[in-house]
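In the form predicted alone, a lone chain appears below as structure tokens.
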């Protein structure tokens, strides 16, 4: 990349070694030089300033559905690609997720889901603690283990599965389907990975619909029972909308919470003063998790589509043009977060935007926060002398575009 050329979306992915090593080398440069940058390759504006990102997130008139984006917005319209061969998920289920819904359908589906989910989260701490303890028990005598494969990837899937009401006898299958379905977020799949994704999505869809039918016949104490009950009581939800959004909690929630747990543990182990503060005062766990979300956001960016003629920082944006809101860059804006690279578990600056914002604020954020808090505190309590097994080794970041988390994170206990 030429020295005078500003980076576009393709340079702002983990496939670029510069970005993978340190995203803010490029993001700081982009924010300083052109905080509203037109990237012709993606056909979108890239917004990197906190105030601009939060203003667009908070604008309830913005569009999300990719069909509303102009033809030039190739990245925003990527979700409109034909389904891969062999996918048997009902067609109306594929486009029924709240992530890309616009009003009024978005709130019609989101409101009952949020109502039921938040009630579940309010009483889920014992469940989360049980799952965390189970997985830490497995590595307690190991001497060392990989935080990612042995812990951080395990907890979210198991918590979400049990919240949904997955049959314990099928939990192993459910974990496999979750791992396969996440490949749907990876745009550079090979043929084998695509086949794995198709198989996982088909199985998840079939199982979720089976679970919904079973809970209609015999309700239990789980989220699926809650949702089919709300549907029976008059919530305007189709079976496809219900099925795909229950699956969405798993697919989106497991990856992002995995990265939250891994990123936070790494930050604490590499910042001994902040780790000492948290150990001395465990009530700081809430602010510690928020700071981990800010400084190493699991999600890079989200998008919005302009519904009208508008200006962002004086830059004209026309109807149907796409804006990519870089959450990671916004969370390091020095105008809002003094000394933004400093990890401070007592930070009291403005709220981060790691979970997005506005109407599309991540619906699973409360559950993700709870899992992160319990997982991190319990890890530190069980392994008070935990340290990086290879402290001089370069961090092994994964290469999942638009997300940031570790491929491997080995600790000695």
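Keep in mind that this is a model prediction, so the values were computed, not measured. Positions refer to the first chain, counted from 1.
Although not depicted, the form predicted together with protoporphyrin IX containing FE (HEM) is the subject of the following passage.
- When contacts are judged by a 4.5 Å heavy atom cut-off, residue 362 counts as touching protoporphyrin IX containing FE (HEM) in the model of the complex.
- Though the partner is left out of this view, residue 214 does not reach within 4.5 Å of protoporphyrin IX containing FE (HEM) in the model of the complex, counting heavy atoms only.
- The closest non-hydrogen atom of residue 315 lies beyond 4.5 Å of protoporphyrin IX containing FE (HEM) in the model of the complex.
- Although the partner is absent here, residue 43 is not a contact residue: none of its heavy atoms lies within 4.5 angstroms of protoporphyrin IX containing FE (HEM) in the model of the complex.
- This chain is drawn without protoporphyrin IX containing FE (HEM); in the model of the complex, the residue among 30, 374, 345, 367 with a heavy atom within 4.5 Å of it is 367.
- For the options 160, 323, 295, 198, the residue carrying a heavy atom within 4.5 angstroms of protoporphyrin IX containing FE (HEM) in the model of the complex is 160.
- The stretch in contact with protoporphyrin IX containing FE (HEM) in the model of the complex, judged by heavy atoms within 4.5 Å, is 103-111, chosen from 103-111, 230-238, 129-137, 204-212.
- Counting a residue when any of its non-hydrogen atoms is within 4.5 Å of protoporphyrin IX containing FE (HEM) in the model of the complex, the hits in 297-311 run 298, 299, 302, 304.
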